[in-house]
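Just one chain is shown here, as structure tokens, and it is the form predicted alone.
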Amino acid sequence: MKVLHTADWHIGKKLHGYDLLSDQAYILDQILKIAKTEAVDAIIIAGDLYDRSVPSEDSVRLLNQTIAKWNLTEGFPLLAISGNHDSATRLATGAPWFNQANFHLHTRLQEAFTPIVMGNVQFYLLPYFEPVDARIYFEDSELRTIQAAMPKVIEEMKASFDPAMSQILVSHFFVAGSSKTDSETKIEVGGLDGINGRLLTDFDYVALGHLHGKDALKLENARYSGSPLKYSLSEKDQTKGVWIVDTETSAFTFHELTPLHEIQELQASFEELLDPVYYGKVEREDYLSILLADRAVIPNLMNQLRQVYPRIIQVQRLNGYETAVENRLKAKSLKAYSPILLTEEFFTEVSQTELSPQQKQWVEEGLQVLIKGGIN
């Protein structure tokens, strides 16, 4: 059996204010072409179909059109789960009817323990869940973190393993030892970080979502598909694509995707950037980060640059005050901080005072609400 593994579509996401719906529609069409060329037997979507829990009408329209085309028109069985950016309740609307068309969408923990059987494969669809969901399901008040819940979750799945079949797990969480990028929401505020990879060894393949780089984790039997598009400057050097998994040969092959607009970084002076000889060699429709060599103040800088480069995501100076500030921030490795520590660092940097205990409590409560709501 051959399956295609994709995840983290984040339909509706914006890149520095730029609408990405046309880019997303373009890349989803590419994924479908790969599925048809490879003649896969099913398509896995490992969470974060939307970018936020309350998606826009245009986002809902794109997802509905995509699912209808893939499943109803092209006839591909779909195996999907909700991620931390999705609203499980909203996404599950219509799920009982979807099953009749071989579209299996799981959004609740209890659904994960009944495998979907296709051919000689049992698919276990484990959506993103909160510790409270595990406490209620297992009736165990000691399950306060996902790390504590996952051994029980896996053991319950293994109880239904058929030794004559292969087993594939589809899930959406962070496996300890993986590497992150800037566009991923850090979900460790509620203790949801760092699932032990050893728990996954009994599955023939583990199709993961949440991290946006395909190379974030390389276990023998587990992969992140990564996002199909680059959603931050930190992803500019990543290769995006999908995995094709052959359960008969246990072979995993990665198929690259080509975006409608790339993300790239330019380093030049203002004069060079406006020189036709220079910009004639640049894909000007790409999303661009510009490192400006000039020190002097340049009036109307952004308006002039946007006449030539319509998708500028940021402009920074190689020299001067902006660079000094940026270097200080990099020296503190702020991107590696959790949301709470990052907020504390920012508050201290601006106010030159520490957060009070009450303020820290407000920050943590606010971050929990934002993360649960899928707001970046």
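These figures come from a predicted structure and were not determined experimentally. Residue indices: 1-based, along the sequence shown.
Missing here is the form predicted together with another copy of the chain; even so, the following discussion is about that form.
Within 4.5 Å of some heavy atom of another copy of the chain in the predicted complex lies at least one heavy atom of Gly94. Using a 4.5 angstroms limit between non-hydrogen atoms, Val308 is distant from another copy of the chain in the predicted complex.
Looking at Leu301, you'd find every heavy atom of it more than 4.5 angstroms from another copy of the chain in the predicted complex. Taking non-hydrogen atoms only, Phe98 approaches another copy of the chain to within 4.5 angstroms in the predicted complex.
Only one of Phe103, Tyr137, Phe174, Phe123 comes within 4.5 Å of another copy of the chain in the predicted complex through a heavy atom, and that residue is Phe103.
Among Ala68, Leu342, Ile313, Leu32, the residue placing a heavy atom within 4.5 Å of another copy of the chain in the predicted complex is Ala68. Not one of Ser160, Met165 and Thr201 is positioned with any heavy atom within 4.5 Å of another copy of the chain in the predicted complex. Of the candidate stretches 242-250, 144-152, 278-286, 69-77, only 69-77 has residues whose heavy atoms lie within 4.5 Å of another copy of the chain in the predicted complex. Along 47-81, residues Val54, Pro55, Ser56, Glu57, Val60, Arg61, Asn64, Ile67, Ala68, Asn71, Leu72 each place a heavy atom within 4.5 Å of another copy of the chain in the predicted complex.
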